[in-house]
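In the block that follows, a single chain appears as structure tokens, in the form predicted alone.
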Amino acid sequence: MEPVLGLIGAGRLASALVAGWVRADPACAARIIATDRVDGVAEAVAAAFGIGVRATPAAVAAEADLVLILVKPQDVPTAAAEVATTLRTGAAVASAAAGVELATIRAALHADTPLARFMPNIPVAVGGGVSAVCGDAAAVARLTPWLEAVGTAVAIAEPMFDAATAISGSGPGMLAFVVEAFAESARAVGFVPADADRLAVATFAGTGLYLAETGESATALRERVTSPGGTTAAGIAALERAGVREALTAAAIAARDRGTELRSAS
């Protein structure tokens, strides 16, 4: 029998993951069940993608081979404790909550439950996600195929999770800010808003796809397309004068440090 995936929490992250999984394999919807403490949330995801709905985390855990805890960080211990009451023998658990360490989750579960943490990002909805993952080998092995179905899974050590949250977790939001600014620059040189947005998004998407598909480094691409005294050189010089490199580094550090603060407060 095909393994069953259970989702505890059916909010935005769960919806993005389900969208990506069903996009990759429509038949997998029959193997996904979800619950959410807010009435109508899991039902909305079920209506959109054809997954199953259960009334409680305990009911999900009674059927699932892999349980994903997708609730707010402060709600993770309670969700894990409820899952533990009916968790099937050999089933694994994974949490996507920022700042909640494996030890905290394990305290609410059976001692021998295979456990993992992962940090996906919103592009999982279109098969372009990046997910950092760590934990027990059995849980990671169970989780990784699901993550690779919607993008890339990168194994990291748990102490690097705050950094992963900053780069791949918060990265789409920060890169969207950059794309937004790039679209504004297109308007500044004369494009109407619709054309400016289209040019900005397509340029960022195409450049990312090119780097991913060819394996060429960003540095090599930049050097290759920057002719001395040319238009690209003029633009990059302006970016350097504006301190764009330093600003992006500061953004990553700020996001990482905020993750550490949230973890310390939990």
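Predicted model only: the values in this text are computed from it and were never measured. Quick note: we count residues from 1 along the sequence shown, nothing fancier.
This protein has a second form, the form predicted in complex with a small molecule, left out of what is shown; the following refers to that one.
Pick from 35-43, 205-213, 237-245, 220-228: which stretch has non-hydrogen atoms within 4.5 Å of the small molecule in the predicted bound form? Looking at the partner contacts, the answer comes out as 35-43.
Here the chain is shown alone; which of 87, 133, 105, 97 has a heavy atom within 4.5 Å of the small molecule in the predicted bound form? Exactly one residue meets the criterion: 97.
The small molecule contact in the predicted bound form: residue 120, any heavy atom under 4.5 Å: Although the small molecule is absent here, residue 120 would touch it in the predicted bound form, with heavy atoms inside 4.5 Å.
Using heavy atoms and a 4.5 Å limit, would one call residue 9 a contact residue for the small molecule in the predicted bound form? Close contact exists here: in the predicted bound form, residue 9 approaches the small molecule to within 4.5 Å, heavy atoms only.
Can you check whether residue 73 is within 4.5 Å of the small molecule in the predicted bound form, heavy atom basis? Taking the distances in the predicted bound form, the answer for residue 73 is yes, it comes within 4.5 Å of the small molecule.
Applying a 4.5 Å heavy atom distance criterion, does residue 82 contact the small molecule in the predicted bound form? Yes, residue 82 sits close enough to the small molecule in the predicted bound form that at least one of its heavy atoms falls within 4.5 Å.
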